[in-house]
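As a starting point, one isolated chain is supplied in structure tokens, in the form predicted on its own.
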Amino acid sequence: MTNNTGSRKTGGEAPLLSGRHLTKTFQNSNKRSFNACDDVSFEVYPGETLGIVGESGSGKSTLMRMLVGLTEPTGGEMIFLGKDLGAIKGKDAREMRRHIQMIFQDPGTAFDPRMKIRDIICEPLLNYRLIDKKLKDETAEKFLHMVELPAGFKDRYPQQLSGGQRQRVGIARALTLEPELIICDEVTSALDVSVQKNVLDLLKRLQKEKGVAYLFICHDLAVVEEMADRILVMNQGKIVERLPGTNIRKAAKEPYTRKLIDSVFEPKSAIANRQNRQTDI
């Protein structure tokens, strides 16, 4: 694990996931074609966190949808564990995709409000017939403990939990199938700042314990810098810059990246001026 080193050594290690020239073309309301993803290539290595950052409409959500099979690429390849995901069909595809799981931005909308937490956590295991229904309570308690929630939460419904607690349940559910890769889609954007830090710390601890890789999709560079070993910056469907996971303010060269940085990192001059005003008061 090399979080925040910005210099992961891959030395011959095969990527866990490779996107090769991924492109997705849509038509707008005027029937003009545009590329939501445009010749995107990247690698995710075992146990690392690759951050993908960009504003709304940058293409990061389209990329995520292609990776989880919700959108078919117009061109390019997705190689996972040495196999082309686009070429695998039926049972083989189902088996391969169990190794890629997702944590959603708002688990409240991803969960069935009629299901108890035990059923939400155990649903993936039951779908793959990996546990008996009689073991739901025991299994749910195990994963609730893993994400630092009380065992008694298994009897609750999603609406009885706070946003941060629901996100922890989402993390627990993503871990049940012991995936190699978890796609984190704006996982902290719906949370308060104090809750965000707790969730990020939990994700880092679990990564260290499980060795899972994260593809961390976010619009906030400050959050991505907290998590990522490497960062890809997307704009208008393209990767416009590749950054290390540390000192991104020094490493960034592209004007678009500088704009993103300025939107989340307060300049030192502004901090000094604010402190001076407070001193005068």
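Just so it is clear, the model here is predicted, and its values are computed rather than measured. So that there is no doubt, residue numbering starts at 1 and follows the sequence shown.
A second form of this protein, the form predicted in complex with a small molecule, is not displayed here; the remarks below concern that form.
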Margin query: Please identify the residue among 67, 224, 36, 44 with any heavy atom within 4.5 Å of the small molecule in the predicted complex.
Written below: 36
Next item on the list: Would you check, heavy atoms only and a 4.5 Å threshold, whether residue 57 touches the small molecule in the predicted complex?
Entry: yes
Check: Is residue 247 a contact residue for the small molecule in the predicted complex, using a 4.5 Å heavy atom cut-off?
Finding: no
Checklist line | in the predicted complex, segment of 28 to 36, 224 to 232, 247 to 255, 208 to 216 with a heavy atom within 4.5 Å of the small molecule | finding: 28 to 36
